[in-house]
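Just the one chain here, the form predicted on its own, laid out as structure tokens.
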């Protein structure tokens, strides 16, 4: 089996994100929302001791992600609030579907509501757009992956949402893999010079990927021993040529202005991965509401 096919068919299972990533992000969001005096509206309007039951419901079709962040928002405000999920990350929902039922102190529920919905809506939006791309390339061997174009402070959560939508993660930061981009190549003196420098510097556990803009650069990269190559802004016809030229010697990733309308021909070219930045930085929020059920 060619190297591209072997890697492209390997996908990580969706494990829960470690809680310290979630809690740190949620606490920052709550601090931003509560300011210096807390929720003065709920303090003024809702009696002390009032209890309520509410539901989080989807208002549009989508894929759920961020349920643990929503839970954390309520638990940080009031550990006694009960958060009972009816959908988990990766589940698809339709309008009216219940995502979670929440019960407890009315003041606490209202105080945490917006932060919980912000995380759940945004991350579900990332998962939903990822899922749409994954479905669009069904039948090909390519996989959808994300980039470092993430919301500052939310990278771990957004990359987890990509997994929930059926995609895979690219590198998490500058420290976990070497990606030689066009500016690196220009400053280093060319494809071969940049690649050889990276190969000499990297430890045996560090992956090295190099970006190329044309087939001549691809040939040079392969001759210099490249094992992962990013094909930047190439049309599907050129991508097919690149796949044929590579002949399984390296993992190929296509990137650059990929949309839901253009992704299928790109994937059909035979590349192993299609990386898309906008699924994390520009995915529309999935419309999710918090509906009052019972007060006592």
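Here the structure is a predicted model, which means the values were calculated and not measured. Residue numbers count along the first chain shown, from 1.
Keep in mind that the form predicted together with a further copy of the same chain is not shown, yet the notes after this line are about it.
The shortest heavy atom separation between residue 118 and a further copy of the same chain in the predicted complex is within 4.5 Å.
Looking at residue 68, you'd find every heavy atom of it more than 4.5 angstroms from a further copy of the same chain in the predicted complex. Proximity of residue 154 to a further copy of the same chain in the predicted complex: non-hydrogen atoms within 4.5 Å are present. Under a 4.5 angstroms non-hydrogen atom cutoff, a further copy of the same chain in the predicted complex has residue 32 among its neighbouring residues. Checking 91-99, 127-135, 212-220, 143-151 against a further copy of the same chain in the predicted complex, the stretch whose residues place heavy atoms within 4.5 Å of it is 143-151. Between the options 42, 255, 55, 238, the residue in contact with a further copy of the same chain in the predicted complex by a heavy atom within 4.5 angstroms is 42. In the predicted complex, the residues of 86-115 lying within 4.5 Å of a further copy of the same chain by at least one heavy atom are, in order, 106, 107, 110, 111, 114.
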